[in-house]
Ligand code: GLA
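There is one chain below, alone, in structure tokens, taken in the form predicted alone.
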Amino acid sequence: MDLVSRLPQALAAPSPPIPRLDRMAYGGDYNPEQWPEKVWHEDVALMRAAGVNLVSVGIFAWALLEPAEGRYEFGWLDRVLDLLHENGVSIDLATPTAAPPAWFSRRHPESRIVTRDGVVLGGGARQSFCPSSPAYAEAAARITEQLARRYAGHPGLVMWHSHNEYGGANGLCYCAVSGEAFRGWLRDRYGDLAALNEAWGTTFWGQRYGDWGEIEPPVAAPTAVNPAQQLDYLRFTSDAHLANFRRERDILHRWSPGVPVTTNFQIANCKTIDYFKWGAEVDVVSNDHYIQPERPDNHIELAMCADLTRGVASGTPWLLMEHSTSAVNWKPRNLAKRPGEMRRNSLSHVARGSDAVLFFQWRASRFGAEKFHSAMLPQGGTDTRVWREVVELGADLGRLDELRGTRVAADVAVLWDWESWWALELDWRPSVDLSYLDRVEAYYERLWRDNLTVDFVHPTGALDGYPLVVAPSLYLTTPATAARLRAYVAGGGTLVVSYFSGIVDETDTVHPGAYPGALRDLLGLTVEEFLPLPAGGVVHLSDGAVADVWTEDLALAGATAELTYVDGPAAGRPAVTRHTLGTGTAWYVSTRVDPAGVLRRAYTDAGVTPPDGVPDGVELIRRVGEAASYVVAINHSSADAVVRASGVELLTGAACPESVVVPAGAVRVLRTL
């Protein structure tokens, strides 16, 4: 199939994510406070040479801006911002609230983080505060107000950057302050103790509460703590961080209406934050992503994170706020990126919806915890491969400006839910080998290798228009979600569900009746017993596939068996099933198996045809706007590849009447005919 024939009608393009910026954003974190002032002038000259047009400033500068409580020193920041603006570099001005000053921690020892085991953590790092601390909230609001009042009208300001990676280092705190805040959150959620006791199932182990003061955070205990309590604590903590963001955002909006406020997410790496809940709270979604250097398929993990970020952004363009030019400093082994890899990584994010390529950081630090982290301007200066690639990438992005504001066209939807991730991996599940990311990544990889672009959708999101929806891991399934999925299938959709899904509701209570509970009627079967496998155990399916980790004893109630178990504890029983419901079909995969065979069958039901003739290791993504459509071809292989698509190649200016050659390790972007 010619790729161009798969392009949909042009989608309406939204406004660019940074309205005051007239080009695709390029730059990164800039920390001038680490350098003598004479270096600043060299910095801006080199930024111009590299094509940098946006830098984030002040992220960790609280101690310099407020060296003592209530005493402010903004002179140096005034000079930095003026210098950047005079040299054509726009400003993403940060609130420095991710790194409270030493004076704050000394004055407010009650704000320090306490671990689940009761250990009080020190303050010699960033994010060394309890997210529920009233003292922190007051101090953070004060410095935010000062910054907003002073710089709201600065001509170089195009965006506000609240905090840095909320929940990254202080995701959970179990101190007394958190306990009190948790009890307040529970009162708001449940209203009274009777409702809480019912939701938490406190008749089990005699945990019933008669007074709000009896409830504490789920600290370390002699045995497993109530899973409903743990699940609510994760919700509470995500909300506590969100309250801190909202406080700063509202101050910034009040002083500078129209200037977008963002904060950098850590999507797919920060388990403790429910980013779908945050997506609607930021003016533009931003994400930090760092490649996993020792992972052979790290480009697929990158693609998954980019697609998930776009899902959190509801399909609108987003910003790659941080990634690295080469090695980071915090992995077990910090492997350097090879020639062309940084460019390929960067444009992969652009292909999947980012309107920015930003790095940590501009100039490599000479001291501190991240001095061995790569930067746009390395320790070796401008006579380095990394610098030359930085300059080349800046020129590339200048040629891709017309992609700004366009949307990615997807083929299928994959369901993602942070709450289900949390609940699945709590204590005492049927197997320690149950893993949320394992199944999501397995199904995503197969879709990627079939060159089908994925939209990640929350279980409450709209599924209309997707011919195929995949639910790789949906242990926590509310009745409303089950009803939505049933309506989707009955209306003609094709659904693929993997094992141990539909089991519990939002309180981690098992749905009444046989497993898989909320999805039982939709899938046309019951699970009589979970049959997890021992470590290293495998089973064989009737098509020759080998599976491991998990099996189930299925009883069909309308579904048909497409594959059966040849051996193992469920030998002779159904392994993969298909159920016709209304005008659609629902597939169920009851074991941990390579999804390729099941998805090929589901494609037929869904009418999804992967593009043919695409060489292995080449990914194709479509961005679509009001005026034009674009195909981004990325070659991750070691051999040149030919892709059938016609148009004008933007990076080289070459006309491609029938096909485009994508050199090994390279990227090509076509405005299609």
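The first residue of the shown sequence is 1; numbering continues from there. Values in this document were obtained by computation on a predicted structure and should not be read as measured data.
Heads up, the form predicted together with alpha-D-galactopyranose isn't pictured, but that's what we're talking about next.
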My question is simply whether Glu165 lines the interface with alpha-D-galactopyranose in the predicted complex - judged by any non-hydrogen atom within 4.5 Å. yes
Flag Asp288 as yes or no: does it have a non-hydrogen atom within 4.5 angstroms of any non-hydrogen atom of alpha-D-galactopyranose in the predicted complex? yes
With the partner left out of view, is Trp40 within 4.5 angstroms of alpha-D-galactopyranose in the predicted complex by any non-hydrogen atom? no
Looking in the predicted complex, any heavy atom of Ala99 within 4.5 Å of alpha-D-galactopyranose? no
alpha-D-galactopyranose in the predicted complex: within 4.5 Å of a heavy atom of each of Arg343, Glu649 and Val661? no
Could you tell me which of 252-260, 540-548, 320-328, 147-155 sits within 4.5 Å of alpha-D-galactopyranose in the predicted complex, going by non-hydrogen atoms? 320-328
By the heavy atom within 4.5 Å rule, which residue out of Ser354, Ser590, Thr95, Asn264 makes contact with alpha-D-galactopyranose in the predicted complex? Asn264
Taking alpha-D-galactopyranose in the predicted complex as the reference, which of Arg126, His299, Arg449, Lys337 has a non-hydrogen atom within 4.5 Å? Arg126
What are the residues of 345-368, in order along the chain, with a heavy atom within 4.5 Å of alpha-D-galactopyranose in the predicted complex? Phe360
